[in-house]
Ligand SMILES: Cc1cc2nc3c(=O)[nH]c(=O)nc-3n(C[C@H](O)[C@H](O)[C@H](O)COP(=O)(O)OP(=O)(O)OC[C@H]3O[C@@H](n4cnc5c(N)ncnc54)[C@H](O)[C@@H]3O)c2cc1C
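The chain below stands alone, shown as structure tokens; this is the form predicted on its own.
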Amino acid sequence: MSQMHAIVIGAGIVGVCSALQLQRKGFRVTLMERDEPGAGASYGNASVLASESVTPISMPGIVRKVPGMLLDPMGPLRIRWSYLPRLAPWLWRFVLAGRKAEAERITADLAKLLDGCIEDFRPLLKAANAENLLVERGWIGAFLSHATLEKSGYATELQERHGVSIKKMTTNELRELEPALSKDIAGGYYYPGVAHVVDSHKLTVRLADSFLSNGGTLLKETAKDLSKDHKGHVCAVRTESAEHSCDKLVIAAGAWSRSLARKAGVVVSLDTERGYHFNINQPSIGLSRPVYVPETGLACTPLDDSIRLAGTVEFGGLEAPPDWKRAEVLASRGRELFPELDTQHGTSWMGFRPSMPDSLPVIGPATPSSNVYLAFGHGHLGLTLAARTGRMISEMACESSVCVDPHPYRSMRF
């Protein structure tokens, strides 16, 4: 593949890993990004490699929760009224994905993607001298109420059925792992197979530097359009200043991928979750592994020199201004979970998470005969599945066997 040129649009963690995996296959690769690598959702995510997250966001009973999404402005999942007309088709598919048969099918497809996904990171981390950024201590699912804990049985049964290692723990057992946890939590689960990184932005930058040091090219330009040859194959990417030829193209532009995919010939049901975080620089507590609260969607992750509170989601598109109260509410939820947590020294952030209604990413060719490959829509699993996605894209670009059957993640599945 040394004579073939691939362009990857998007230098978030998925785009960078795709560029690295193509490079490892022998392609000459150009990474195209209007900003710095890792400046988008890869900068501020929860930094968790959530290999246990085999269940979709939409689960049986989700339809009863939709009114609450509209009425509670500070709920873990909020829909802005003004955005509802545009979101409606996506939301309908989201509700349909929560039917039991669909949820079980999606769980099986997510489990295939997630199986071994951390292992796909290891050669990339080693080559980038970034192995020290990965921490493997598992994570905790801590429940605030006994009632919610009891209702979690179906989801955990699905996880166990698909090979996820789970250990149910009492409040005292969880506090032995993380003494800063509140005595008032109801108990929960420990997932030993989960990992996290101490800085998701630093990881993306380190991997991008590895890509460049191995001969890759970074173009700080914005993809505007695609040029096609007489066979209908994309032969170049047009930016505001030039036209760049290519043999293969990967669209990994996150929340901005939909318009580019349309130019490649496919309409995808992609929308944007606006994710917030609150980063605490002097947290006053120790935390050795991430903790997740299912009732509120709160994820608390220990980073290099801070604790990140993340997990609140809002549907409002790419244009509306941030609602910083949603970041502030993370601080109060953090104090509920960790009574001694000092949230005075915190900073807020908002980013755009590309999401599909069925919680499955789009991985594969835009159309069956296309030389354009799509790699976006990972929702809450962008970091988790970045190396696996890049590997699959590189294998498809080489027209070789693919480590995971890409059919469930095809662009035209709706």
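Don't overthink the numbering: it's just position in the shown sequence, from 1. Since we're looking at a predicted model, the values are computed, not measured.
Here the subject shifts to the form predicted in complex with this ligand, a form of this protein not shown in this document.
Original post:
Is the gap between D109 and this ligand in the model of the complex 4.5 Å or less for some heavy atom pair?
Top reply: No - in the model of the complex, heavy atoms of D109 and this ligand never come within 4.5 Å of each other.
Subject >> Heavy atom of V14 within 4.5 Å of this ligand in the model of the complex >> reply: Although this ligand is absent here, V14 would touch it in the model of the complex, with heavy atoms inside 4.5 Å.
Original post:
Is there a non-hydrogen atom of G311 within 4.5 angstroms of a non-hydrogen atom of this ligand in the model of the complex?
Top reply: Output for G311 is yes: heavy atoms within 4.5 Å of this ligand.
**OP:** With heavy atoms only and a cut-off of 4.5 Å, decide whether I393 touches this ligand in the model of the complex.
**Re:** Looking in the model of the complex, residue contacts with this ligand do not include I393, since no heavy atom lies within 4.5 Å.
Original post:
Residues in which of 22-30, 59-67, 350-358, 363-371 have heavy atoms within 4.5 Å of this ligand in the model of the complex?
Top reply: Single hit among the candidates: 350-358.
**OP:** State the residue from F143, Y83, W256, Y191 whose non-hydrogen atoms include one within 4.5 Å of this ligand in the model of the complex.
**Re:** The option sitting close enough to the partner is W256.
**OP:** Can you tell me which bits of 213-228 touch this ligand in the model of the complex, meaning any heavy atom within 4.5 Å?
**Re:** Read in sequence order, the residues that approach this ligand (within 4.5 Å, in the model of the complex) are E221, T222, A223.
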